[in-house]
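Read the single chain below, which is given as structure tokens and is the form predicted alone.
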């Protein structure tokens, strides 16, 4: 499959994530949109890694050049999992204290 299809799909997913982050007020939906943006980047990294591996295999059959993007994706997924666990813990504590997950309520916590 051509790389343009992956680019268009990732651009669409990333745009949906940005629109969700900017327009939604529910903290859980905002976190889901952030994860959608991270997964769009992961998909694009894997697609470029596959493309780079295919071009490197033409020159040398024993190359391992195209696996770097997949390693980056693994580390991004680990960091995203840690971010979600901390974020959900913050949302649970926010809900316990205020009985709301509206992110606009966080501005009132400054006082």
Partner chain sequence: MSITEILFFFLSALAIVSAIMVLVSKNPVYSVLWLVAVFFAISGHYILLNAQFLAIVNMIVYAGAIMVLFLFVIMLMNLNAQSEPQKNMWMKLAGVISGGCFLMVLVSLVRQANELTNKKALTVEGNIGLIKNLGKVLFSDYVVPFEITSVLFLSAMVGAIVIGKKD
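Model, not experiment: these values are computed from the prediction. Positions refer to the first chain, counted from 1.
Beyond what is shown, the protein has a form predicted in complex with its partner chain; the following relates to that form.
TODO: Determine whether any heavy atom of residue 7 comes within 4.5 Å of a heavy atom of its partner chain in the predicted bound form, and answer yes or no.
DONE: Yes - in the predicted bound form, heavy atoms of residue 7 and its partner chain come within 4.5 Å of each other.
Task: Contact of residue 98 with its partner chain in the predicted bound form (heavy atom, 4.5 Å) - done: Although its partner chain is absent here, residue 98 would stay clear of it in the predicted bound form, with no heavy atoms inside 4.5 Å.
Open item on the list: My question is simply whether residue 3 lines the interface with its partner chain in the predicted bound form - judged by any non-hydrogen atom within 4.5 Å.
Closed with: Residue 3: contacts its partner chain in the predicted bound form.
Open item on the list: Going through 29-47, which residues have a heavy atom within 4.5 Å of its partner chain in the predicted bound form? Please give them in sequence order.
Closed with: 29, 31, 32, 33, 35, 36, 38, 39, 42, 43, 46, 47, in sequence order.
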